[in-house]
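Take a look at this single chain, the form predicted alone, given in structure tokens.
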Amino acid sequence: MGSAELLQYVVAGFKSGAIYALVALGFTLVYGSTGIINFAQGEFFMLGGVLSVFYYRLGLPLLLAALAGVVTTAGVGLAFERLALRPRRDAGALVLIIITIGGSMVMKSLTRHIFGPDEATLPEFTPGPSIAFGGVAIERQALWLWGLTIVAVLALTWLYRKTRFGRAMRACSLSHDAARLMGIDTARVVMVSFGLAAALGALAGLAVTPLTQTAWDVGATAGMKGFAAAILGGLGNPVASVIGGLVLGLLESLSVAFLSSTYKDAIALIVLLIVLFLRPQGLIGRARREKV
């Protein structure tokens, strides 16, 4: 294998990794404010692509259709938290996680019945031939994907560190009771976190649709790999989630180069198991100690 071919696999890995990173950021947002894993995150990814295609077919310009897809998916995330999770907010974490799994199944089924089972796609945001660089071909849509990932992680880092809402999210992740005693509207923090997580998933879904197409059933795989990326980097840390996504994408691509494409989808599960056994806090996260 030549260096140019190997570099092409690396570029493909970073392209997949950016998708996983955006989905992982959604997991991180919800975990950071609630302490639970939202297994409906993959369906927000699916809805971003499907709804953007729907609006585009209605006649909206491409970028406006993409924006409408993100906003609508964020609204679905807000409604999901308000109608499905908030009534059981005093239940244990396991109950809430099961609710997110049920919500995922409902979203998938409704999408199939409303929009149909067929695959769909969008035009590239900036049409044109791939960009040749150092013997490697890079799709213009991949540049959009990387750019959106960078903007998302910078925005979330600023949100966490520089805003009152970010401090409220961190407080909620430590203790909802203590946060309420300090005057924080924890219900509002959780609801907005779900809306932002849904928007991030939708952003990933619509950005990759011109490259891979979308359909009602693409959310499960994206959710599983995004979760693996979040665990790999360190759940709860936006920068760590992005690093985890890029590393996972690179491992998948190199497994295709040196092993076989047969094992590509198994890499995320293998990485997830290894990390959970050997370093549960992730590559960057710090181990937590609890006093009893």
Partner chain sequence: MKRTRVILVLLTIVALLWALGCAGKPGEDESSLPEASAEPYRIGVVISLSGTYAGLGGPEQKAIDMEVARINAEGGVNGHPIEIVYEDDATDAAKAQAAVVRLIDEVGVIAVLGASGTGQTMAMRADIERAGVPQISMAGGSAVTAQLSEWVFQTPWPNRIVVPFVLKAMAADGYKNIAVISDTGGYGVDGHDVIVKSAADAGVTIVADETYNPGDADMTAQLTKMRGANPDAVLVWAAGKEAATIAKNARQLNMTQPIYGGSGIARLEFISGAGEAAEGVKLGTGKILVPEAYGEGTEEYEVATSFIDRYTEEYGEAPDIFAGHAYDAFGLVVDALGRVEGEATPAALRDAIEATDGWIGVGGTFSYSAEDHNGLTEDDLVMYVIEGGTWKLAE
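Positions refer to the first chain, counted from 1. Not measured: the values here are computed from a predicted model.
Beyond the structure shown, there is the form predicted in complex with the partner chain, which is absent from this document and is the topic of what follows.
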{"property": "In the predicted complex, the residue from 91, 143, 137, 151 that sits within 4.5 Å of the partner chain by heavy atoms", "result": "137"}
{"property": "Contact residue in the predicted complex, from 157, 72, 111, 213 (heavy atom within 4.5 Å of the partner chain)", "result": "213"}
{"property": "Answer range among 48-56, 252-260, 239-247, 64-72 for contact with the partner chain, defined in the predicted complex as heavy atoms within 4.5 Å", "result": "252-260"}
{"property": "Residue contact check: residue 231 to the partner chain in the predicted complex, 4.5 Å heavy atom", "result": "yes"}
{"property": "Heavy atom of residue 12 within 4.5 Å of the partner chain in the predicted complex", "result": "yes"}
{"property": "Contact test in the predicted complex: residue 60 vs the partner chain, heavy atoms, 4.5 Å", "result": "no"}
{"property": "Residue 79 within 4.5 Å of the partner chain in the predicted complex, heavy atoms", "result": "no"}
{"property": "In the predicted complex, residues of 3-26 near the partner chain [heavy atom within 4.5 Å]", "result": "5, 8, 9, 12, 15, 16, 19"}
